[in-house]
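Presented below, as structure tokens, is a lone chain in the form predicted alone.
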């Protein structure tokens, strides 16, 4: 079994690294945090021109027609760069939802715009700060339209369309809604991650279109999103490790590199172990996804849990290795820590994923 990416995928990675190094340096990311709307639209459209927003979209809808493995390569580099764009919301969630459950008419309507970057999508399933989004859906859909409130919604302040969880006669469904409808209200919320926006979305009998009602659509979407998000988190975690390593090699105390002290070595080693565990789980999850293996739900949950842990641990330990400087605005540690915390909540609290993983393993054993 070959666990390495193909030559074409490696070339795609190198191309992404060159593009992001030139177009999204840390200085540009910092500039975005000073604006009321951190979304860097010019960078987003540049990524779309590179084809990144349409990697998994079929060519007939304006995409590249590639696969999730190629999307994972791009995701890793997005996480490494801290790019201030709604990539996870639009590409992993909204696009995947329409690909999974959209009619041909719905795909024709939205996928070309999502592929070209003209449309930005998001996924709205949290209904309050302390609500997991996995149960007790209060937003309803009827003949009159969609009614309810979702918050917080990642990138809801800049999105054009939203895939919304809703209750239809006691059944959880997914609906696509145009956020430019007159009876949609948005309110920007304060966000811990300064490179991404949060908002609340309120619907009052808003016109919407339901996705396929086949069983398991919501769970499959979450599993796909979790797998791709895991690669983005791995990219961020690895960059945190590299930043900590570089600082430890260049910072001296008592006439020695601080990286020569055992306590620092332990921190770097712990980061590396967490990162590689997350990477192995993510590789297995993406393999089960592209192979359509029955283990995919279990693999996706394991990948998400380990990636969330590695991302946050590497961000925290990188800040600690930087010492007092790590807590200041002058260095970038806090940007990575903010992204790690918010990414870990994007698809629901990790404890829910842990419970879900246990349930899936138990059911599989029987």
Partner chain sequence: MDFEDSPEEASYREDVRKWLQANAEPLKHGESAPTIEEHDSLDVIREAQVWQAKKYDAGWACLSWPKKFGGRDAKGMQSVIWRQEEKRFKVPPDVFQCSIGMAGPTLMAHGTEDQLNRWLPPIARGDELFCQLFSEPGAGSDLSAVRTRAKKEGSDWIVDGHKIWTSLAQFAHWGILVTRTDFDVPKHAGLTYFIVDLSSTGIEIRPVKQITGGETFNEVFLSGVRIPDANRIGEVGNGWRVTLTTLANERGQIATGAAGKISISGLIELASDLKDDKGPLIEQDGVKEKIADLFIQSRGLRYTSLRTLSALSRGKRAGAEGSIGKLGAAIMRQEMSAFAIELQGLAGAIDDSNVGMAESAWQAGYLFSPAARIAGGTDEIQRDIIAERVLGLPREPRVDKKLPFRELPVGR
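In this text the structure is predicted, and so the values were computed from the model without any measurement. Residue numbers count along the first chain shown, from 1.
What comes next is about the form predicted in complex with the partner chain, which is not displayed.
Scanning 47, 55, 302, 340 against the partner chain in the predicted complex with a 4.5 Å heavy atom cut-off leaves one residue, 302.
A single residue from the set 138, 188, 107, 245 has any heavy atom within 4.5 angstroms of the partner chain in the predicted complex; that residue is 245. Picking from 178-186, 259-267, 86-94, 201-209 the stretch near the partner chain in the predicted complex, with a 4.5 Å limit on heavy atoms, gives 259-267. Mapping the unseen interface onto this chain, residue 296 falls outside it, with no heavy atom inside 4.5 Å of the partner chain in the predicted complex. In the predicted complex, the partner chain lies farther than 4.5 Å from every heavy atom of residue 239. The shortest heavy atom separation between residue 69 and the partner chain in the predicted complex is within 4.5 Å.
Contact annotation for residue 12: none of its heavy atoms lies within 4.5 Å of the partner chain in the predicted complex. Along 265-285, residues 265, 266, 268, 269, 270, 272, 273, 276, 277, 279, 280, 281, 283, 284 each place a heavy atom within 4.5 Å of the partner chain in the predicted complex.
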